[in-house]
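Read the single chain below, which is given as structure tokens and is the form predicted on its own.
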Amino acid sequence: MNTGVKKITAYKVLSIILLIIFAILFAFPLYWILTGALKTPAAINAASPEWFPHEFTLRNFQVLFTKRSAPLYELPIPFTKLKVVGATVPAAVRWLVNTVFMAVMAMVLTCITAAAAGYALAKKRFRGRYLIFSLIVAAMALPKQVILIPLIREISSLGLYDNIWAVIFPTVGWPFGVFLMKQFSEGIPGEMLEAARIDGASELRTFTSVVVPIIKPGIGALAIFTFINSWNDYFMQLIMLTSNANLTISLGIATMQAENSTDYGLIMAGAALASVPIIIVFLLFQKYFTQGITMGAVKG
């Protein structure tokens, strides 16, 4: 007789316990940042850590939003040296806007170029495609420090040094993105592409109406990877950006530190502010990210 009660096995109990433990371990750094941003300097620097703040304060956020100011935006007027400058806001707001703009533009442009290149390498037959793909795979093992000097010279010759686009453009041709999209594009049925061509669809229409819906989970996974990679690329931001109005949130917080002391409360307040967009992006693309990882795991 089926009573509808699921049998609880030792394996399920152990799995739940392990999941809870890992969830606590992964969530603890975020908890520590959020609570640290609300602690007093004495509590942060205490010899014995306070796991839960006994005294809450907004002093760290006040310092973050009042120590410096910057224009909200600066739009250059074409063919002139003039700029349209927005209202003055706390510098942390401008830095956050810069970082979000940088990460979103890098994500969008990388997904477009990687999806198109991956599809071409997977489904188009042209001379040299195996060589091109081999070079892309080889470029994945090339550290960015190797190409730093020619990259800086190229960015400077284009007049983009100390500009947020100097951090965006080098990310667009991400070799890993092309590799990932090629692997997803390999699973596109050739019959569907032939049917689209027979129906008179152009190459662009075939790509947007047939290819993109099939590889959408891979694009979602790549979007998260690209956003986080661009957001956390402190090295390139440090090299390419110098002026106060063009800094990212991580660089801006670093420049607010005193020469001989470290304000950990200010750092944690900045980290808490910077974590909000990443959490939002992950929640928006979580479904596609999970599907992309699953499809990549069972593909064969």
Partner chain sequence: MANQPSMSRALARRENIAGYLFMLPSLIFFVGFVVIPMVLCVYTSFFDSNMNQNTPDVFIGFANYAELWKDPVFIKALKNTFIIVFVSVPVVCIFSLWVASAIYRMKDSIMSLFRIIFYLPVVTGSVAVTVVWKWIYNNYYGVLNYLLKGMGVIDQNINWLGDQRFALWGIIIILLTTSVGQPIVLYVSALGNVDATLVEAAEVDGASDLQSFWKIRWPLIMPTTLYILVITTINSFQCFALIQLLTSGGPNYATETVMYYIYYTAFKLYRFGYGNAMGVILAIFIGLLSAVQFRLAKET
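The term rigid core refers to the most C-alpha atoms you can superpose between the two forms while keeping them within 1.5 Å. All values derive from a computational prediction rather than experimental measurement. Numbering follows the first chain given and starts at 1.
Not on display, but discussed next: the form predicted in complex with its partner chain.
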- Counting only non-hydrogen atoms, choose the one of 213-221, 154-162, 67-75, 87-95 that falls within 4.5 Å of its partner chain in the predicted complex. 154-162
- Task: Although its partner chain is absent from this view, report whether residue 101 comes within 4.5 Å of it in the predicted complex, heavy atoms only.
- Result: no
- Query: Is there a non-hydrogen atom of residue 61 within 4.5 angstroms of a non-hydrogen atom of its partner chain in the predicted complex?
  - Reply: no
- Message: Residue-level contact is defined here as any heavy atom of the residue lying within 4.5 Å of its partner chain in the predicted complex; does residue 19 satisfy this criterion?
- Response: yes
- Task: Would you check, heavy atoms only and a 4.5 Å threshold, whether residue 140 touches its partner chain in the predicted complex?
- Result: yes
- Any residue of 18-32 that, in the predicted complex, places a heavy atom within 4.5 Å of its partner chain: 18, 19, 20, 22, 23, 26, 27, 28, 29, 30, 32
- Spell out whether the Cα of residue 32 moves at least 2 Å between this form and the one not shown when the two forms are superposed on their rigid core. yes
- Message: I want to check residue 242: does it shift between this form and the one not shown by 2 Å or more at the Cα, with the core superposed?
- Response: no
- Task: With both forms fitted on the core, give yes or no for whether the Cα of residue 46 moves by 2 angstroms or more between this form and the one not shown.
- Result: yes
